[in-house]
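Next up is one chain by itself, shown in structure tokens, the form predicted on its own.
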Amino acid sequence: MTKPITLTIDGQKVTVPAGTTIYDAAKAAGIEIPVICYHPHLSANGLCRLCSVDVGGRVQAAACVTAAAEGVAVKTQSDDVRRGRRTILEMLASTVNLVEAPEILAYMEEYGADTSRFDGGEKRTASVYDDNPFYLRDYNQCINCWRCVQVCAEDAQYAFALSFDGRGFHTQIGTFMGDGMTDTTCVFCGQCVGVCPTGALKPKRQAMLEQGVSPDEIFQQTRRKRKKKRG
């Protein structure tokens, strides 16, 4: 049997099974570490780095993917950690529309992020895709957290309808060959919409209600139409 790991998180001793991440160890001790890309039912990838913590070295560690180690002293709210999180949030605000991302907006207030700090920088822009009766894809609100890609792939649905397109600053979520959703392997389960933290994926009925469209008109536009049988 593998020996449990004992470490210190914000001055509190915590003992957890070997292989437990720092994030889960902190949570077990009642210490909350902020996350954006992480979701408890999806594979952790450490993409957004908002969960980075001080582990005593020169480089901070992403708590969601870093295993707890024996005797390590973790600081989740040091000045350097808070400064790093604030900068990450400010950079997100400078490139992405976060108006429908309540969790991120709450973090920005908590860490005192200055949304105008990087004003004048290039914003990521993308088309709004209205290519199916069920949901809209507005990648102007997308932070590339990868949740939708994961839930569509091995973590849940195994449909593999979504993927990454582009490189570097211009990376965004897309589909194979840029096809519309009805021409992909999408089964319209809605799980990608459910895990999106920013409103980049939104149920079409919700979007139409927000636009003032009447419920009857929404029904007509979003109902699934049956194909007529031939002869």
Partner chain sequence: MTVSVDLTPLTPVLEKYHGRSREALLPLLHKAQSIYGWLPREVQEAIGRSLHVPLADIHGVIEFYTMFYNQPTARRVIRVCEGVACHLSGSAGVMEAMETKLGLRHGETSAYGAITYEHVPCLGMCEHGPNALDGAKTAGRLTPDTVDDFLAGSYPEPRAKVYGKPLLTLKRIGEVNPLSLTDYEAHGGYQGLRKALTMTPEAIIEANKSGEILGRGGAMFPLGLKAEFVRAAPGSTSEKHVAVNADESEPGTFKDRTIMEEDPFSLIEAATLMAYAVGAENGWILVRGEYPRSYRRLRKAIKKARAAGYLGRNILGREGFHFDIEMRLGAGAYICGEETALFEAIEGKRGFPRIKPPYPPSSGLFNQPTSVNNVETLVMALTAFTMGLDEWRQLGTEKSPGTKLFCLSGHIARPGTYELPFGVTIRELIEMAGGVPDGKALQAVLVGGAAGVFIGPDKLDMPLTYEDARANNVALGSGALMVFDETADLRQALANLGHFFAHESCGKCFPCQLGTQRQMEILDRIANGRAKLTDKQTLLDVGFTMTETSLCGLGQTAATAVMSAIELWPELVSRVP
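Please read all numbers here as calculations on a predicted model, not as lab measurements. Positions refer to the first chain, counted from 1.
The discussion below concerns the form predicted together with its partner chain, not included here.
The putative spot formed by D131, F188 and L209 is not touched by its partner chain in the predicted bound form; no residue has a non-hydrogen atom within 4.5 angstroms of it. Residue contact with its partner chain in the predicted bound form: D80 places a heavy atom within 4.5 Å of it. When contacts are judged by a 4.5 Å heavy atom cut-off, W146 counts as touching its partner chain in the predicted bound form. I88 belongs to the set of residues with a heavy atom inside 4.5 Å of its partner chain in the predicted bound form. The closest non-hydrogen atom of L47 lies within 4.5 Å of its partner chain in the predicted bound form. In plain terms, the part of the chain that comes close to its partner chain in the predicted bound form, with a heavy atom within 4.5 Å, is 157 to 165 out of 105 to 113, 157 to 165, 133 to 141, 69 to 77.
Taking a 4.5 Å heavy atom cutoff to its partner chain in the predicted bound form, the contacting residues in 88 to 113 are I88, M91, L92, S94, T95.
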